[in-house]
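Presented below, as structure tokens, is a lone chain in the form predicted alone.
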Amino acid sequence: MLGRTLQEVSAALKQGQITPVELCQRCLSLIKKTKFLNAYITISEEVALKQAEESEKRYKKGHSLGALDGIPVAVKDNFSTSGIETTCASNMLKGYVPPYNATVVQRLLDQGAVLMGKTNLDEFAMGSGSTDGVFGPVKNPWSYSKQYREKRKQKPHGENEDSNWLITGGSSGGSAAAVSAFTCFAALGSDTGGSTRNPAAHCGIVGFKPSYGLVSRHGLIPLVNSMDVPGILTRCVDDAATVLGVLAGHDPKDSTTIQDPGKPFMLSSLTDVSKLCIGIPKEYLVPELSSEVRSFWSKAANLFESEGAKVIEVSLPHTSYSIVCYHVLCTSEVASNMARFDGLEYGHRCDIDVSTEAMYAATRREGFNDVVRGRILAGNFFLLKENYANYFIKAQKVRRLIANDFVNVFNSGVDVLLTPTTLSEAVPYLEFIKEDNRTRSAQDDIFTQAVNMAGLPAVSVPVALSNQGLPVGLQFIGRAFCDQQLLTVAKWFEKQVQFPVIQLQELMDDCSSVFEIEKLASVSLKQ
């Protein structure tokens, strides 16, 4: 049951094959069994069981609230949850319990979803590995998969097996690991420069970043207000659309949301792609791109072409400036947003009481890690009166040029862009931490952050396993507010490639039913 998709398990609940409480208990026992992955910061066991009992009463009366009623979900620990600690994986917010729910959390709960817990991340979502939070790094479930283990057996390796685990990507690595390890059916992440799509690619699941303004940010603790978007992590594209249908729509508490009320997103099954035009941005063919990801990318383009779609090379000429531009804007907004953590109203407060200034300084030194402090320093430098025009204003102008590159491509008749999500598959933790966070983020966000600056929807879809037996994802980018069209194309692609199910037998011997999932024969990109 745990290995099924959200839609399948929703149908099973309606037919009474399983009850919400049984489902919740199975997920809780699996969360405990996979505790070493460090995917969750807080497990909300009592809350979850209570919500599952409420859901069960509704099913018994035949009054289910919809597709999410009784479905276990997880939420990244930078979304406010009423009565449940929300830490952003930082000492600054350890022990902080919000008095309200983020809009997206409330919308999930209003539909009867069952909140399993809060997931791990990089501190304040700054990072691309989920390695820099105060609760320690998240381990990628694929490190323990049969597919990866079998490939590793063929290689001689002297080092300790356990020290070789892989990162999940970030910053929503806890949410990605939670979905990938079958502990919930959907999870919320946040996406400022790729934080939902990057871990989805590394964990072999679907990671969707909606158009900016389609989904409310109210209650998402801000990183970069002009780029943050709540993201959705699921095991298939249809499930992401189901969740989006619940989350999308106007919120009076977030003035940047669209005016339209939300409506369910039903994805039609695309049978004919011959009317589609797929753009391949030539600037994304960078020297750092691994040969394997490059090969999957071109095979995917060939797949569309062989099915009759028009596939053309397009240009996004300002791509080379985008990571620098992103860095200036991101750190500037971070510096502004982090000013609220001063030890006065909420969160950590140091013991020094010599003066207010000394208290501020010590609180922030104790509360923030080096990564966050470094970004605050950089941002404040860019915002200095003498630097403002040369950095911040200039970056805003470049951001407009980058957004216009996308507009021009879509105006030329392209429906969807196809790009890599990440440069390579997930790397071992010990290799990842050789580079500092900033260098890593600059490398890892290369294909993803421009979309945030342009406010477009994008989705990472798992395509195949690398030679090491690890997942590789590809990214589809759509026009602003054409999220439904984008997901429809992604769904067609997902059906063609038939990505294999992660095999975690050793992890969960008594949950073996997860893996009795029939494999469908279809076109695999491996061929």
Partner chain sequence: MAAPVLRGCCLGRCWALACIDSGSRHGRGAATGFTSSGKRGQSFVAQQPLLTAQKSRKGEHKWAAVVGLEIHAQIVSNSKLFSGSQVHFAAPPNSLVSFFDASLPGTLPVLNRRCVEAAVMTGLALNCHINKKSLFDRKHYFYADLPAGYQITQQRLPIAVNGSLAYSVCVGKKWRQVITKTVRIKQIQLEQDSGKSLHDELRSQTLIDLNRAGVGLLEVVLEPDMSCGEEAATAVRELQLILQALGTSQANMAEGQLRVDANISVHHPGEPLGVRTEVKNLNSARFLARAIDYEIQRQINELENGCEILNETRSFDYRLGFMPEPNLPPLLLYDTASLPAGADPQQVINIDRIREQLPELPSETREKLIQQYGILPEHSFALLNEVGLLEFFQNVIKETRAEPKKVTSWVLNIFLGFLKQRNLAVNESPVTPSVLAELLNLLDRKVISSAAAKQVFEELWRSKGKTPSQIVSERKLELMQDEEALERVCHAVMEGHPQVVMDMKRGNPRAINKLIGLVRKVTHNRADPMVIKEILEKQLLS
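Numbering follows the first chain given and starts at 1. The structure displayed is predicted, hence computed values, not measured ones.
Below: the form predicted in complex with its partner chain, not depicted.
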Interface membership of residue 287, its partner chain in the predicted bound form, 4.5 Å heavy atom rule:
no
Does residue 392 reach its partner chain in the predicted bound form, with heavy atoms at most 4.5 Å apart?
yes
Flag residue 341 as yes or no: does it have a non-hydrogen atom within 4.5 angstroms of any non-hydrogen atom of its partner chain in the predicted bound form?
yes
Within 4.5 Å, heavy atoms only: does residue 319 come near its partner chain in the predicted bound form?
no
Which of 187 to 195, 427 to 435, 292 to 300, 341 to 349 sits within 4.5 Å of its partner chain in the predicted bound form, heavy atom basis:
341 to 349
4.5 Å heavy atom contact with its partner chain in the predicted bound form for all of 99, 226 and 386:
yes
Would you mind picking the one in 416, 372, 221, 456 that has a heavy atom within 4.5 Å of its partner chain in the predicted bound form?
221
In the predicted bound form, the residue from 238, 445, 132, 333 with a non-hydrogen atom within 4.5 Å of its partner chain is 333
Can you list, in sequence order, the residues from 270 to 288 that come within 4.5 Å of its partner chain in the predicted bound form, counting heavy atoms only?
none
